[in-house]
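So this first bit is one chain, no partners, the form predicted alone, shown in C-alpha cells.
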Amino acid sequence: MKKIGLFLALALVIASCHSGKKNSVALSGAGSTFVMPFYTTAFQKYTPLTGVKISYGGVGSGAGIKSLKDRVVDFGASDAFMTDAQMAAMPAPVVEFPTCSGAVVMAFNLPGITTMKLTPEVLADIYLGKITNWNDPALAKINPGVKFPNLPITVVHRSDGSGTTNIFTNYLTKVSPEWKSKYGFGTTVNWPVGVGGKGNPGVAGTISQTTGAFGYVESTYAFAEKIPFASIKNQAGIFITPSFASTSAAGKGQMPQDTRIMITDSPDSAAYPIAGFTWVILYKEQHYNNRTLAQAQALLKLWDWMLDPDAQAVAQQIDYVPLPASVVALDKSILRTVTYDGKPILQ
C-alpha cells in the first residue's frame, strides 16, 4: 500500500505550481475526506502539466456541498449524491458525477488482534449499543480462536456531515430493520452510542490512539496508518476482506443516467458490502459571481482530465477503484452539458 500518512494531517492541501508554464487561473474545492488522498495526489500531478493551481479542503461532504451552495468554491465533493430536495435548495442548477469508488472499513484497536470477522447482525448491534464489550459471546462465536479481552468497545463515528457516514449508515439500513426504523441513513444521524471524530483523519486518529476503539473509515486511511480492520459477511454469506477486487465487484452493474446509486450490500458473491462512489458537484451554468470564461474552462478541463486514464490510474495507485469505461463516458457527457453564457464549455 502506498504511504500517504501526510494526508491524514492535512485539512487543506494546496497543489503548488512548480511549473514554468504560465497560467494564473486558480481553482478551489471542498468536501469529502473519503476521497481527499486521490484528489490531492492527482492535483499535484495536474498542476505541473497546466500551471493551474488547485486547493482542496477536506471538510466533509456536508460542508463541501454548503461551500458550493454559498459559492465560495468552484466545486464540491461528496460521497453522498445530492437528493432532489438538496438540488432544489441550491441557488442554481448543478450537475454531479462520480469520480471513483472506495471501501469503508471497520477498523479496530485491540493489541495482539489483527484480524476479525463480523456478521451484519453483530456489526449493527455494536452501533445500536447492544454489544458493548469485546468479550461478548456473539463476537467469540464468529471468531473461534481469537481471544477477545474483557474491555469496553469504544464506538467511533463521524462528528461532521459525512459521505462516509452516508455509505455506512445506508449499509446498516439494509441489514438491520431496527437501525432502519430508529436511525435511518444520511450524512448525519442521531447516533445512539459512541464518540465523534472529525473527518476520516479524525476517526482514524481516534481509533489508532484508543485501545478498544472500533469505527468506520475510508480504507486508504486504515491502510496508510496500518490500522487492523474486519472482514464482513456479505449478502452471499461469505466473509470478505476489503480490497481492490472486492470493492470493484461491489460497483458492477448499470449506472443510472443521473449517476445516483448506492452500492452497499451488493448481491455479488465477491463483493465487499460497505462500498460507495464519490461525486463532484458543479454549477451547470458557470457564468456567476463574475467568474471568467478562463476559470470555467480550467474547471471543466480539470475534471475532464480526472476521468482520463492517467488520473484514474492515480486512484488505483492509492487504493481507490477507477471508474468503468461506461461510467467515464457517461461522466464526460454530463461535463459537456455545463455551459458559460448558455454555450457548452467542452466540445
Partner chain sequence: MNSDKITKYVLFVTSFIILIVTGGMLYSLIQGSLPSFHTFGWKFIISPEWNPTKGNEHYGALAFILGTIYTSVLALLVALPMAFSTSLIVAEYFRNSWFANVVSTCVDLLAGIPSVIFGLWGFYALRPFIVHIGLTQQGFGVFTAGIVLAMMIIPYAASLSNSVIMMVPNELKEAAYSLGATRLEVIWNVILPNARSGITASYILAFGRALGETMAVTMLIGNANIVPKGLFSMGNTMASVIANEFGEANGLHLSSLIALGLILFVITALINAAGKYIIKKFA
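Since the structure is predicted, the reported quantities are computational estimates derived from the model, not experimental observations. Numbering follows the first chain given and starts at 1.
From this point on, the text means the form predicted together with the partner chain, which you will not see here.
Stretch-level contact check against the partner chain in the predicted bound form with heavy atoms at 4.5 Å: of 96-104, 191-199, 229-237, 258-266, the positive one is 191-199. Mapping the unseen interface onto this chain, Phe244 falls outside it, with no heavy atom inside 4.5 Å of the partner chain in the predicted bound form. Although the partner is absent here, Ala63 is a contact residue: one of its heavy atoms lies within 4.5 angstroms of the partner chain in the predicted bound form. Under a 4.5 angstroms non-hydrogen atom cutoff, the partner chain in the predicted bound form has Asp160 among its neighbouring residues. For Gln254, no non-hydrogen atom is located within 4.5 Å of the partner chain in the predicted bound form, even though that partner is not displayed.
Using a 4.5 Å heavy atom cutoff, none of Gln286, Pro309 and Gln312 lies near the partner chain in the predicted bound form. Only one of Pro177, Gly129, Pro91, Pro152 comes within 4.5 Å of the partner chain in the predicted bound form through a heavy atom, and that residue is Pro152. Residues are counted as partner-facing when one of their heavy atoms sits within 4.5 Å of the partner chain in the predicted bound form; in 27-42 not one qualifies.
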